[in-house]
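Single chain ahead, by itself, as structure tokens, in the form predicted on its own.
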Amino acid sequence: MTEVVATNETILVVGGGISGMTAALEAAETGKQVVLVEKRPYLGGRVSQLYKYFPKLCFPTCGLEINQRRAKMNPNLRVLTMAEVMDIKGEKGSYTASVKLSPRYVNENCTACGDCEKAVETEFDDEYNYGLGKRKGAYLPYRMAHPQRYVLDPNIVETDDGKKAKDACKYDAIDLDMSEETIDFPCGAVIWATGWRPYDAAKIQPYSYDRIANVITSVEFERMADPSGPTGGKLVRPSDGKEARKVAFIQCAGSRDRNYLLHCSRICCMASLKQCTYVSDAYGEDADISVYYIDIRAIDRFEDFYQKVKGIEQVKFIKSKPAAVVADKDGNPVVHGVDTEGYKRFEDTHDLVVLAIGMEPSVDKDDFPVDIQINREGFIEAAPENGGVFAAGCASDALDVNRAAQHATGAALRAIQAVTGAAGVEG
């Protein structure tokens, strides 16, 4: 049975992405006791699925490694993965959290040797790679996963593959008898840092994401570009594996649209500009890159990066919100629309179309386990009615990584003040 030692001065952080990790570490390093709850089997969130950051085009692995090391070294931080908050009762300074723990079927004896993965045969769509590849029924989510421990898919536990995984383990790390459990513990404040999810591109019917194999999303393209991703870093067409040299990026795919997402997701323009460099770096003079945009929102320090990408000869910008994407007889995606600078109609054929899809909150407004103020876009409002519950990062708004981390630090400060104030009143 899992136990959590906690008091009314404990801070609960919900979500282990960059915002949740930042808030949890900042609070723990001031001496507060922190419980970090993450639904996935590992920490890092969507940042761990990025190939590079904009605008410096550096890799997220460095920052992730630093945060992981801070988490391992801090005795004030308790991390629960494969965990989900089901209920929060009480008031600021005196909450009780109910957390469901799903079985990992792998205990702390695991050395991440990989013998269990080699022993099993069943494969599943790989969630980490947005379904672009496959993973085994025994798997390490990704190479830098923290905790560095394998996971057994529940679908193989009662099969021959489950027994094969157990028999292959030399460290007695496979426990097929693990079961779901629920734990309750007190806390004085809650930091809600559940982040964002990519908007469902299949809802944008004119762009044919669910009908044309060579129309993909920006998050899928990001995994494709990563050398450790499903294609080994090769930019290829899903339909036939051929090189995708002529690539179109469609901006605001589902964003700033009353039919889909009302808000601007803020990261999409910069993400596509970054991904333009992936294509130009891969194919050089043979690259042919089109960016269809309403307007490019590259403010402050991002303007220089925008100008840099505009200077790449192989990149052209078309001011247009395309009307539709259709397939020709060879399965090539054809983008239809009107260039509003000159009002010229176009029918442009590409090897691959990448939809810059927007960000929406990971938790639906009706699924919060605590009463909280939500705005029309589904993000958490900073409101006194929320008591000791504070949003961090993309749970509060669409933010880039840097701004999400800054926001999380602010949320940690507010939570520290809440539990310190409550303790003072009790004293």
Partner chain sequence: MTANQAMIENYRNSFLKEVEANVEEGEWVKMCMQCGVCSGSCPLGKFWDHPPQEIFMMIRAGKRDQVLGSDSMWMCTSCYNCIVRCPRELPITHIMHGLAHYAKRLGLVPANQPTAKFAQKFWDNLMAKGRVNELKLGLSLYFMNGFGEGVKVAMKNQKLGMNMMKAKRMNPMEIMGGHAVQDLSGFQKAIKKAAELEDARIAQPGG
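These numbers come from a predicted model, not from an experiment. Positions refer to the first chain, counted from 1.
Another form, the form predicted in complex with the partner chain, is not on view; read the next lines as being about it.
**Student:** Just to confirm, with a 4.5 Å cut-off on non-hydrogen atoms, which of G337, P141, P147, G93 contacts the partner chain in the model of the complex?
**Tutor:** Exactly one residue meets the criterion: G337.
**Student:** Only one of I294, V326, I299, A202 gets a heavy atom within 4.5 Å of the partner chain in the model of the complex. Which one?
**Tutor:** Comparing distances to the partner chain in the model of the complex, the residue within 4.5 Å is I294.
**Student:** Classify K170 as contacting or not contacting the partner chain in the model of the complex by the rule of any non-hydrogen atom within 4.5 angstroms, answering yes or no.
**Tutor:** Taking the distances in the model of the complex, the answer for K170 is no, it never comes within 4.5 Å of the partner chain.
**Student:** At 4.5 Å between heavy atoms, is N109 in contact with the partner chain in the model of the complex?
**Tutor:** No, N109 is distant from the partner.
**Student:** Should P322 be counted as a contact of the partner chain in the model of the complex, where contact means heavy atoms within 4.5 Å?
**Tutor:** Within the cut-off, so yes.
**Student:** Report yes if any heavy atom of R345 sits within 4.5 Å of a heavy atom of the partner chain in the model of the complex; otherwise report no.
**Tutor:** Close contact exists here: in the model of the complex, R345 approaches the partner chain to within 4.5 Å, heavy atoms only.
**Student:** If contact means a heavy atom within 4.5 Å, which one of 314-322, 127-135, 150-158, 212-220 is the stretch that engages the partner chain in the model of the complex?
**Tutor:** In short, 314-322.
**Student:** Determine the residues of 245-268 with a heavy atom within 4.5 Å of the partner chain in the model of the complex and present them in sequence order; the list may be empty.
**Tutor:** R256, D257, R258, N259 sit within 4.5 Å of the partner.
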